[in-house]
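Before any questions on binding or motion, here is one chain by itself as C-alpha coordinates, the form predicted alone.
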(Lines give C-alpha, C1' and ligand atoms only; values in the text may rest on other atoms or scores of the structure.)
Protein backbone atom coordinates (compact mmCIF):
# COMPACT_ATOMS: atom_id res chain seq x y z
CA UNK A 1 0.00 0.00 0.00
CA UNK A 2 2.87 2.37 0.81
CA UNK A 3 4.21 1.78 -2.73
CA UNK A 4 0.97 3.05 -4.28
CA UNK A 5 0.90 6.00 -1.88
CA UNK A 6 4.41 6.89 -2.98
CA UNK A 7 3.34 6.75 -6.64
CA UNK A 8 0.32 8.91 -5.85
CA UNK A 9 2.59 11.66 -4.57
CA UNK A 10 4.50 11.80 -7.85
CA UNK A 11 3.67 14.49 -10.43
CA UNK A 12 1.73 13.29 -13.46
CA UNK A 13 4.75 13.51 -15.75
CA UNK A 14 6.75 11.21 -13.48
CA UNK A 15 3.79 8.80 -13.18
CA UNK A 16 3.52 8.55 -16.96
CA UNK A 17 7.26 7.94 -17.28
CA UNK A 18 7.19 5.33 -14.52
CA UNK A 19 4.19 3.53 -16.06
CA UNK A 20 5.91 3.29 -19.46
CA UNK A 21 9.10 2.02 -17.86
CA UNK A 22 7.15 -0.60 -15.90
CA UNK A 23 5.60 -1.86 -19.14
CA UNK A 24 9.03 -2.19 -20.70
CA UNK A 25 10.28 -3.90 -17.52
CA UNK A 26 7.53 -6.50 -17.87
CA UNK A 27 8.71 -7.15 -21.44
CA UNK A 28 12.27 -7.61 -20.19
CA UNK A 29 11.32 -10.03 -17.41
CA UNK A 30 8.58 -12.02 -19.14
CA UNK A 31 9.34 -11.74 -22.86
CA UNK A 32 8.94 -15.49 -23.64
CA UNK A 33 5.49 -15.50 -22.00
CA UNK A 34 4.26 -12.14 -23.36
CA UNK A 35 5.36 -12.52 -26.98
CA UNK A 36 2.78 -14.36 -29.11
CA UNK A 37 5.48 -16.05 -31.22
CA UNK A 38 9.16 -16.87 -31.06
CA UNK A 39 11.87 -14.26 -31.52
CA UNK A 40 12.83 -15.48 -35.01
CA UNK A 41 9.72 -17.44 -35.97
CA UNK A 42 8.34 -16.71 -39.46
CA UNK A 43 4.56 -16.64 -39.12
CA UNK A 44 3.20 -14.89 -42.22
CA UNK A 45 3.91 -13.06 -45.44
CA UNK A 46 6.20 -10.07 -45.79
CA UNK A 47 4.83 -6.82 -44.31
CA UNK A 48 1.35 -7.99 -43.49
CA UNK A 49 -0.80 -4.97 -42.56
CA UNK A 50 -0.82 -3.41 -39.11
CA UNK A 51 -4.02 -4.21 -37.23
CA UNK A 52 -4.82 -7.28 -39.29
CA UNK A 53 -4.10 -10.84 -38.24
CA UNK A 54 -1.05 -9.52 -36.38
CA UNK A 55 -1.41 -6.44 -34.15
CA UNK A 56 1.65 -4.64 -35.54
CA UNK A 57 1.89 -6.65 -38.75
CA UNK A 58 4.94 -8.62 -39.84
CA UNK A 59 8.44 -7.50 -40.74
CA UNK A 60 10.49 -7.75 -43.92
CA UNK A 61 10.74 -11.55 -43.78
CA UNK A 62 7.37 -12.39 -42.19
CA UNK A 63 8.13 -12.39 -38.46
CA UNK A 64 5.54 -11.07 -36.00
CA UNK A 65 6.50 -7.47 -35.27
CA UNK A 66 4.90 -7.43 -31.80
CA UNK A 67 6.95 -10.44 -30.73
CA UNK A 68 10.10 -8.83 -32.13
CA UNK A 69 9.34 -5.63 -30.20
CA UNK A 70 8.96 -7.54 -26.92
CA UNK A 71 12.19 -9.47 -27.40
CA UNK A 72 13.87 -6.30 -28.67
CA UNK A 73 12.97 -4.55 -25.42
CA UNK A 74 14.63 -7.31 -23.45
CA UNK A 75 17.77 -7.35 -25.60
CA UNK A 76 18.32 -3.64 -26.22
CA UNK A 77 17.32 -2.25 -22.82
CA UNK A 78 19.23 -4.93 -20.90
CA UNK A 79 22.33 -4.26 -22.98
CA UNK A 80 22.00 -0.50 -22.39
CA UNK A 81 21.56 -1.02 -18.63
CA UNK A 82 24.64 -3.23 -18.35
CA UNK A 83 26.70 -0.82 -20.43
CA UNK A 84 25.59 2.22 -18.41
CA UNK A 85 26.31 0.39 -15.16
CA UNK A 86 29.82 -0.41 -16.39
CA UNK A 87 30.36 3.22 -17.44
CA UNK A 88 29.34 4.45 -13.97
CA UNK A 89 31.40 1.82 -12.18
CA UNK A 90 34.57 2.76 -14.07
CA UNK A 91 33.95 6.49 -14.46
CA UNK A 92 32.64 6.98 -10.94
CA UNK A 93 35.52 5.11 -9.33
CA UNK A 94 38.16 7.00 -11.32
CA UNK A 95 36.40 10.31 -10.66
CA UNK A 96 36.35 9.70 -6.91
CA UNK A 97 40.01 8.68 -6.97
CA UNK A 98 41.00 11.83 -8.85
CA UNK A 99 39.04 14.06 -6.46
CA UNK A 100 40.40 12.50 -3.27
CA UNK A 101 44.01 11.93 -4.29
CA UNK A 102 44.47 15.11 -6.34
CA UNK A 103 48.03 15.86 -7.56
CA UNK A 104 49.53 13.81 -10.38
CA UNK A 105 46.77 11.18 -10.22
CA UNK A 106 44.13 13.82 -10.97
CA UNK A 107 46.22 15.32 -13.77
CA UNK A 108 47.01 11.97 -15.39
CA UNK A 109 43.40 10.73 -15.34
CA UNK A 110 41.95 14.06 -16.46
CA UNK A 111 44.32 14.37 -19.45
CA UNK A 112 43.54 10.79 -20.52
CA UNK A 113 39.83 11.52 -20.32
CA UNK A 114 40.31 14.71 -22.37
CA UNK A 115 41.97 12.68 -25.13
CA UNK A 116 39.16 10.11 -25.28
CA UNK A 117 36.39 12.74 -25.15
CA UNK A 118 38.01 14.70 -27.99
CA UNK A 119 37.18 11.79 -30.34
CA UNK A 120 33.53 11.82 -31.53
CA UNK A 121 31.65 9.02 -29.78
CA UNK A 122 30.08 7.42 -32.85
CA UNK A 123 33.31 7.52 -34.87
CA UNK A 124 35.29 5.97 -32.01
CA UNK A 125 32.71 3.19 -31.56
CA UNK A 126 32.54 2.51 -35.31
CA UNK A 127 36.32 2.23 -35.62
CA UNK A 128 36.77 -0.06 -32.64
CA UNK A 129 33.79 -2.30 -33.37
CA UNK A 130 34.80 -2.62 -37.03
CA UNK A 131 38.23 -3.77 -35.90
CA UNK A 132 37.44 -6.12 -33.01
CA UNK A 133 33.93 -7.37 -33.85
CA UNK A 134 30.43 -6.84 -32.50
CA UNK A 135 29.94 -9.56 -29.91
CA UNK A 136 27.92 -8.60 -26.84
CA UNK A 137 30.96 -8.47 -24.46
CA UNK A 138 32.79 -6.24 -26.95
CA UNK A 139 29.77 -3.94 -27.32
CA UNK A 140 29.44 -3.56 -23.55
CA UNK A 141 33.17 -2.96 -23.07
CA UNK A 142 33.62 -0.45 -25.89
CA UNK A 143 30.50 1.63 -25.24
CA UNK A 144 31.03 1.42 -21.48
CA UNK A 145 34.57 2.79 -21.90
CA UNK A 146 33.36 5.61 -24.16
CA UNK A 147 30.70 6.78 -21.71
CA UNK A 148 32.86 6.25 -18.63
CA UNK A 149 34.74 9.40 -19.66
CA UNK A 150 31.89 11.93 -19.24
CA UNK A 151 30.81 10.06 -16.09
CA UNK A 152 34.34 10.58 -14.77
CA UNK A 153 33.98 14.34 -15.20
CA UNK A 154 30.64 14.45 -13.39
CA UNK A 155 31.82 12.17 -10.57
CA UNK A 156 35.05 14.14 -10.15
CA UNK A 157 33.24 17.50 -10.01
CA UNK A 158 30.70 16.24 -7.47
CA UNK A 159 33.33 14.50 -5.35
CA UNK A 160 35.56 17.60 -5.27
CA UNK A 161 32.69 19.65 -3.85
CA UNK A 162 32.10 17.00 -1.18
CA UNK A 163 35.78 16.36 -0.46
CA UNK A 164 36.31 19.86 0.96
CA UNK A 165 33.52 19.48 3.53
CA UNK A 166 34.35 19.43 7.22
CA UNK A 167 33.08 15.90 7.83
CA UNK A 168 35.51 14.56 5.21
CA UNK A 169 38.39 16.41 6.89
CA UNK A 170 37.32 14.96 10.24
CA UNK A 171 37.38 11.48 8.72
CA UNK A 172 40.92 12.09 7.47
CA UNK A 173 42.02 13.28 10.90
CA UNK A 174 40.55 10.13 12.44
CA UNK A 175 42.89 8.18 10.21
CA UNK A 176 40.25 6.75 7.86
CA UNK A 177 41.63 5.33 4.62
CA UNK A 178 40.96 6.45 1.07
CA UNK A 179 38.46 3.68 0.28
CA UNK A 180 36.55 4.27 3.52
CA UNK A 181 36.19 7.98 2.76
CA UNK A 182 35.01 7.33 -0.80
CA UNK A 183 32.54 4.63 0.28
CA UNK A 184 31.17 6.16 3.48
CA UNK A 185 31.47 9.92 2.99
CA UNK A 186 31.60 10.81 -0.71
CA UNK A 187 29.39 8.14 -2.33
CA UNK A 188 26.25 8.63 -0.14
CA UNK A 189 26.34 12.39 -0.69
CA UNK A 190 26.92 12.02 -4.43
CA UNK A 191 24.13 9.52 -5.10
CA UNK A 192 21.39 11.99 -6.08
CA UNK A 193 23.29 13.85 -8.84
CA UNK A 194 24.82 10.59 -10.05
CA UNK A 195 21.38 8.93 -10.16
CA UNK A 196 20.06 11.76 -12.32
CA UNK A 197 23.13 11.48 -14.54
CA UNK A 198 22.59 7.72 -14.77
CA UNK A 199 19.16 8.26 -16.31
CA UNK A 200 20.46 10.75 -18.87
CA UNK A 201 23.51 8.65 -19.67
CA UNK A 202 21.31 5.58 -20.11
CA UNK A 203 19.40 7.44 -22.83
CA UNK A 204 22.65 8.30 -24.63
CA UNK A 205 23.89 4.71 -24.39
CA UNK A 206 20.55 3.32 -25.55
CA UNK A 207 20.42 5.66 -28.54
CA UNK A 208 24.03 4.84 -29.46
CA UNK A 209 23.33 1.09 -29.34
CA UNK A 210 20.22 1.59 -31.49
CA UNK A 211 22.21 3.70 -33.93
CA UNK A 212 24.97 1.11 -34.19
CA UNK A 213 22.37 -1.60 -34.75
CA UNK A 214 20.83 0.51 -37.50
CA UNK A 215 24.27 0.63 -39.13
CA UNK A 216 24.73 -3.13 -38.72
CA UNK A 217 27.30 -2.98 -35.90
CA UNK A 218 25.05 -3.60 -32.91
CA UNK A 219 23.26 -6.79 -31.91
CA UNK A 220 23.41 -9.23 -34.77
CA UNK A 221 20.58 -11.34 -36.28
CA UNK A 222 18.60 -13.30 -35.31
CA UNK A 223 18.55 -11.32 -32.05
CA UNK A 224 15.79 -8.71 -32.02
CA UNK A 225 16.96 -5.13 -31.66
CA UNK A 226 14.87 -2.00 -32.16
CA UNK A 227 17.55 -0.17 -34.15
CA UNK A 228 18.05 -3.14 -36.48
CA UNK A 229 14.26 -3.47 -36.84
CA UNK A 230 14.05 0.15 -38.03
CA UNK A 231 16.74 -0.54 -40.60
CA UNK A 232 15.21 -3.81 -41.78
CA UNK A 233 11.76 -2.32 -42.32
CA UNK A 234 12.82 1.12 -43.60
CA UNK A 235 12.66 0.01 -47.25
CA UNK A 236 8.96 -0.71 -46.86
CA UNK A 237 8.16 2.99 -46.42
CA UNK A 238 8.78 3.53 -50.15
CA UNK A 239 6.02 0.97 -50.82
CA UNK A 240 3.58 2.36 -48.29
CA UNK A 241 4.46 -0.02 -45.43
CA UNK A 242 5.17 2.00 -42.28
CA UNK A 243 6.21 -0.91 -40.07
CA UNK A 244 9.64 0.65 -39.48
CA UNK A 245 8.00 3.50 -37.59
CA UNK A 246 6.79 1.10 -34.87
CA UNK A 247 10.23 0.25 -33.40
CA UNK A 248 11.29 3.88 -33.97
CA UNK A 249 8.31 4.95 -31.83
CA UNK A 250 9.39 2.52 -29.09
CA UNK A 251 12.86 4.07 -29.08
CA UNK A 252 11.36 7.55 -28.73
CA UNK A 253 8.88 6.40 -26.07
CA UNK A 254 11.57 4.86 -23.87
CA UNK A 255 13.79 7.94 -24.15
CA UNK A 256 10.94 10.29 -23.26
CA UNK A 257 9.82 8.19 -20.27
CA UNK A 258 13.34 8.08 -18.81
CA UNK A 259 13.69 11.85 -19.24
CA UNK A 260 10.36 12.44 -17.49
CA UNK A 261 11.60 10.57 -14.42
CA UNK A 262 15.02 12.22 -14.55
CA UNK A 263 13.43 15.69 -14.70
CA UNK A 264 11.37 14.89 -11.61
CA UNK A 265 14.45 13.58 -9.78
CA UNK A 266 16.48 16.67 -10.64
CA UNK A 267 13.66 19.01 -9.55
CA UNK A 268 13.27 17.11 -6.30
CA UNK A 269 17.00 17.25 -5.61
CA UNK A 270 17.11 20.99 -6.30
CA UNK A 271 14.01 21.71 -4.20
CA UNK A 272 11.87 22.90 -7.11
CA UNK A 273 8.14 22.31 -7.14
CA UNK A 274 6.29 20.96 -10.12
CA UNK A 275 5.68 23.70 -12.65
CA UNK A 276 8.66 25.85 -11.57
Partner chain sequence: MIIKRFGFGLLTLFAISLLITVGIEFLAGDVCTEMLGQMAHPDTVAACRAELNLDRPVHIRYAEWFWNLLHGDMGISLANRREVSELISKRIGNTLFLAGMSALISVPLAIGLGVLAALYRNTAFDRVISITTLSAISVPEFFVAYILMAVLAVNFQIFPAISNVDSFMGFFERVKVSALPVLTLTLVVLAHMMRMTRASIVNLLASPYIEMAKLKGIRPARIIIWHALPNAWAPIIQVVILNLAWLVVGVVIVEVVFVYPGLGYLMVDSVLFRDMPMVRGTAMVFAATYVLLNLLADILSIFANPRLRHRG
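Being a predicted model, the structure only gives us computed values, none of them experimental. Residue numbers count along the first chain shown, from 1.
There is also a form predicted together with the partner chain; it is not shown, and the following applies to it.
- Heavy atoms of residue 217 reach within 4.5 Å of the partner chain in the predicted complex, making it an interface residue.
- In the predicted complex, the partner chain sits within 4.5 Å of a heavy atom of residue 230.
- Among heavy atoms of residue 130, some come within 4.5 Å of the partner chain in the predicted complex.
- Within this chain, residue 252 lines the site of the partner chain in the predicted complex, having a heavy atom no more than 4.5 Å away.
- Contact with the partner chain in the predicted complex, judged as any non-hydrogen atom within 4.5 angstroms, is confined among 85 to 93, 169 to 177, 185 to 193, 110 to 118 to 110 to 118.
- Interface residue among 266, 256, 16, 25 relative to the partner chain in the predicted complex, by the heavy atom within 4.5 Å criterion: 256.
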